[in-house]
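This document starts with one chain, in the form predicted on its own, laid out as structure tokens.
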């Protein structure tokens, strides 16, 4: 690493102001900060000194996503070989899935980082590490068979209209990864809904074994076929059709433990989201006029993207609530709305995406009223104390 550091220091003057490559300064600094801790310090004003910078924060989130990513690769291969009736081994399943997921990750990072580099050059700003997480989240919430050009288009939409137009990292209103999925869902619904989109190869004319449909648990419920649901343990482990990183609840919970233990993810939002989902699920059980309402409330946690959204999407520190009380309200409403949309909207069996995007809009309003409430309470307390002194 010392030799690499010396080589970078040698070419660095060319990218600084006055150098022949000064126009590429943002690009150079982006690569330098990716490899090494920046040597910049502040010279004036008050600043909080902390060892956790944006790069370290993004690195922890990526580590937390790895269990879901690795299991997603294994499950992609498993579902493919199941669909064509081949008894495959675990390594064969993983390698097949890895080769299918890799192009999606490359396209997501290539398009997203490319746009961020261009935006930084135009503005003359430093390149932020915020897309390191979004670039991995986007493939994980997509069907495995999504065309690469569609994924690139959705990524560009999310970065440009969902992030850069607001000022870049830390300024976006919506979660960029969810915007990418929403864009594809409303623009190309045939590629985001139905049974065949979740299994690699079902759209390529391969011979599918009898009795294998590729339907997700949510789509089975939407069709009124609750008797065909996989077991709770199978859904908890994740050996079911679905988005790449969303099927395994146990892998997602491992990621949640990493985020909570490191203080990167808000445990308040995670817990309150599950609490909101459980509350609405129990209320639906009381009505119970269709299959969706009859299933036990905890089933919702192991189906679709509920757990993934609660752990990795709702906890986005930029688009979520910031105040402690606001986090509880924000997460609880996400859980409530997720189940409400799932149960009451048969045309759209998955409600987590819309629930989080909707609450992204209301997060600043929630924080405003929480802060205002604290101010009013303190003013009232101060007024009472002042009246006592005047007596």
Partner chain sequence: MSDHVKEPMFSAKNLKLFTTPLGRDNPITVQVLGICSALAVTVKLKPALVMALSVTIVTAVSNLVIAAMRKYIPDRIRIIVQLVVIATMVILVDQFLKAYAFDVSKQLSVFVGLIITNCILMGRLEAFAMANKPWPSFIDGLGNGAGYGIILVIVAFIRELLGSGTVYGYPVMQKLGIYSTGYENNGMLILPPMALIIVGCIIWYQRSKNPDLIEKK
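Residue numbers count along the first chain shown, from 1. Because the structure is predicted, anything quoted here is derived from the model rather than measured.
The protein also exists as the form predicted in complex with its partner chain; that form is not presented, and the subsequent description refers to it.
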- request: Name the residue from 183, 98, 117, 81 that puts a heavy atom within 4.5 Å of its partner chain in the predicted complex.
  value: 183
Contact residue in the predicted complex, from 267, 236, 191, 299 (heavy atom within 4.5 Å of its partner chain): 191
- prompt: Just one of 289-297, 254-262, 143-151, 99-107 has heavy atoms within 4.5 Å of its partner chain in the predicted complex; which?
  reply: 143-151
- prompt: Is residue 250 close enough to its partner chain in the predicted complex to count, meaning some heavy atom within 4.5 Å?
  reply: no
query: Would residue 187 count as a contact of its partner chain in the predicted complex, using a 4.5 angstroms cut-off between non-hydrogen atoms?
result: yes
task: Although its partner chain is absent from this view, report whether residue 161 comes within 4.5 Å of it in the predicted complex, heavy atoms only.
output: yes
message: Taking its partner chain as it sits in the predicted complex, is residue 282 in contact with it (heavy atom to heavy atom, 4.5 Å or less)?
response: no
